[in-house]
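Next comes just one chain, in structure tokens: the form predicted on its own.
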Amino acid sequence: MIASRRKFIKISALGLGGILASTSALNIFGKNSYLNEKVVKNISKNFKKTATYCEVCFWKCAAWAYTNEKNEIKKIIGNDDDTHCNGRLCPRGTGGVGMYHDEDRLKTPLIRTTINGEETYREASWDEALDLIASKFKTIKETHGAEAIALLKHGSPGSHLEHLFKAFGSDTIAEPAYAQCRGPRETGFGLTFGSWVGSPEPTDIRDTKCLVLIGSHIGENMHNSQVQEMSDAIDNGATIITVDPRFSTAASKSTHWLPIKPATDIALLLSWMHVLIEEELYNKKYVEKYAMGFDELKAHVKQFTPEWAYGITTIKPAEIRKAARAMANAAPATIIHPGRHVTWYGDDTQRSRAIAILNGLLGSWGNRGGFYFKEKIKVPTYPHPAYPEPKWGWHNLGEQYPFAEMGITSEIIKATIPSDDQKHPIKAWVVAGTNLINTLPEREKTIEAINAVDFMVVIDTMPMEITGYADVVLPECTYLERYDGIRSATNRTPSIAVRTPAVKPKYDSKPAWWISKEIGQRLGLEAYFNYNDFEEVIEWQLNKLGTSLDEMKKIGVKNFERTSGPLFLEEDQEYEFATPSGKIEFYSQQLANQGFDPIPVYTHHPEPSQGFYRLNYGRSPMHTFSRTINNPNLSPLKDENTLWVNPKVARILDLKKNQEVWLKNQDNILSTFSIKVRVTERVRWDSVYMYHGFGHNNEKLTRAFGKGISDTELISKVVVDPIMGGTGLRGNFVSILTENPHKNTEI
């Protein structure tokens, strides 16, 4: 282990005391009542309802929060008029009440201090904490420039802090959602169609006749409207094809399950292209009208037969052909889903390119049952002075990745660790809404960077692992206690939704807009925060959109008519894609100009050695990453993860159901905690699988501490995508230990 200058502090009862909620949301209507069909739908007239939208995941479903006469939040129900949820929330959304009631919440600002030679935290007032932050910011700016302060963010709080940072002169901003999650698909689809996929994805699942899922676990990732639409599609007889080494929930609903050998997806995609072209099953009229590079693609995939792919993927040629023909028979009402978490093996942009090209061959983009043309409402920017021009920023840190379009978190980590060739040193971090310890791979590097940084602020609602490394901890209130920016996201039709506080912030927590404004005022940036309350900002923006805050408080969601044109391409419509050629680009000259393959190729990736298994991970339908594991409403639904092991492996290692085991990865990193075995045919013999987000090591997360294993802890090897800088995370292998490797050590 690296010697830590900044010692991890277990946040103690100091600063975490206070009066607990008089009753927990878990017991208000009975245990897990939001899943109980007998819950009374008509809430008492004594309950007040408040317009909000969910913060538990990026879908941001609009909802109503209900409070009783004692001003206690009791329930959250989806807004019937919202196209993101159609009035129905997933378990995570309804469990949002638990975020408010969680007695483990951060309750007051904390400042790192040393007492009797031991590092600890002491309670602080907001003025003291914010004065300290402003003082440190000023000093670092004077010495190194504002750009030396980095923002690492996730979720709604990030937008407020991003405004603060840009006003201060720093564009050194990144979020794990890009380089550790969806970045490659945005680049791959952007290079092909000239459009990012975005969120929610513009997939017309409700009208599709064939849905192809490649490592996309709809039904477990709980992307709300997609789950609803997939259910409708199944009822309507759609063909579902799932490519996954694990028999997922989606696979159980599929016509075809292709249990692919991990890391061979591009080989399968190329062979599908081969079948579509060689058997002339592709959409000829669509391709001739809207695409370029078809001849180059045809020549490229001629050699990639299903027989060739079988030797790589272990999927039989007949199954490959059968699936390809099913896609073609349904086209253009076919979706090869772009996925969400797509940072796998380091060639992820090219894999996403291959998925995009397949959709282009089938004519899916812009056709009913494929991908619709998304639209959103542009929310006016509240007036403020122009931002100063930073001397450098995230784009300089990622300049070796020519197609990076957002800050790369791992590059900020790298720039924080001192080195001889460091051009742009980072001296301070603000971390908001993201638990970097359980989010980023190569944990040792993250901790090394934390030890090197001069000053670090963490803003969160909970005492996550990252808070234990901060110099200043600021308790953010939950989304149910604050105003936030107007939600405007792409969909079939544009809409806006508001988030208004159902109750006052609990304890001494504050909203991110207030924190940003207060720091800004201390930095002399008052002109960028020309309002007393963020309510004024929302009111001004809504007035510009032809509505008002009073109206939005009553309706929660406002839907608008489309103005950008039809939802789908019309017969023989002329259409110009936002690519350099104006066409769907099967052959990418942009990639060729940068020295990359203009058409995807398959490359072999490392395989596990004897006694090791590929570590695969995914989402639990009850949880959002690691942020909800401690939630008192959601923890009872799944309080620990299990290790999926194939029966063949179980026999070899003599493993039994629910047996506790530990994992050791290829770099001899041991799991801190144990995990129980689940013996199942639903996973390939060369892989193991677990849900992501468990294995918390902060004892103050009283429901989550020590429950299961953190997959992130074991991801010490990454392969970086050379096109956009994404970190491939699925090249790690583990061996299974039946004896406790920590029995003579203190955890």
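Everything numeric in this text was worked out from a predicted model, so none of it was measured. The first residue of the sequence shown is number 1, and the count goes up from there.
Keep in mind that the form predicted in complex with a small molecule is not shown, yet the notes after this line are about it.
K.L.:
So, a 4.5 angstroms cut-off on heavy atom distances: do all three of P176, P245 and N616 pass it with respect to the small molecule in the predicted complex?
P.N.:
Yes.
K.L.:
Just one of 581-589, 500-508, 219-227, 124-132 has residues with a heavy atom within 4.5 Å of the small molecule in the predicted complex, so point it out.
P.N.:
Going by heavy atoms within 4.5 Å, the stretch is 219-227.
K.L.:
Is H341 near the small molecule? Define near as a heavy atom within 4.5 Å, in the predicted complex.
P.N.:
Yes - in the predicted complex, heavy atoms of H341 and the small molecule come within 4.5 Å of each other.
K.L.:
Is there a heavy atom of H101 no more than 4.5 Å from a heavy atom of the small molecule in the predicted complex?
P.N.:
Residue-level check for H101: no, no contact with the small molecule.
K.L.:
Determine whether any heavy atom of Q350 comes within 4.5 Å of a heavy atom of the small molecule in the predicted complex, and answer yes or no.
P.N.:
The answer is no: Q350 has no heavy atom within 4.5 Å of the small molecule.
K.L.:
Under a 4.5 Å heavy atom criterion, is E186 part of the interface with the small molecule in the predicted complex?
P.N.:
No, E186 sits far enough from the small molecule in the predicted complex that none of its heavy atoms falls within 4.5 Å.
K.L.:
Using a 4.5 Å heavy atom cut-off, which residue among A428, I214, V301, A146 comes into contact with the small molecule in the predicted complex?
P.N.:
Flagged contact: I214.
K.L.:
Which residue, P306, G520, G433, P390, has a heavy atom that falls within 4.5 Å of the small molecule in the predicted complex?
P.N.:
Going through each option in turn, the one that passes is G433.
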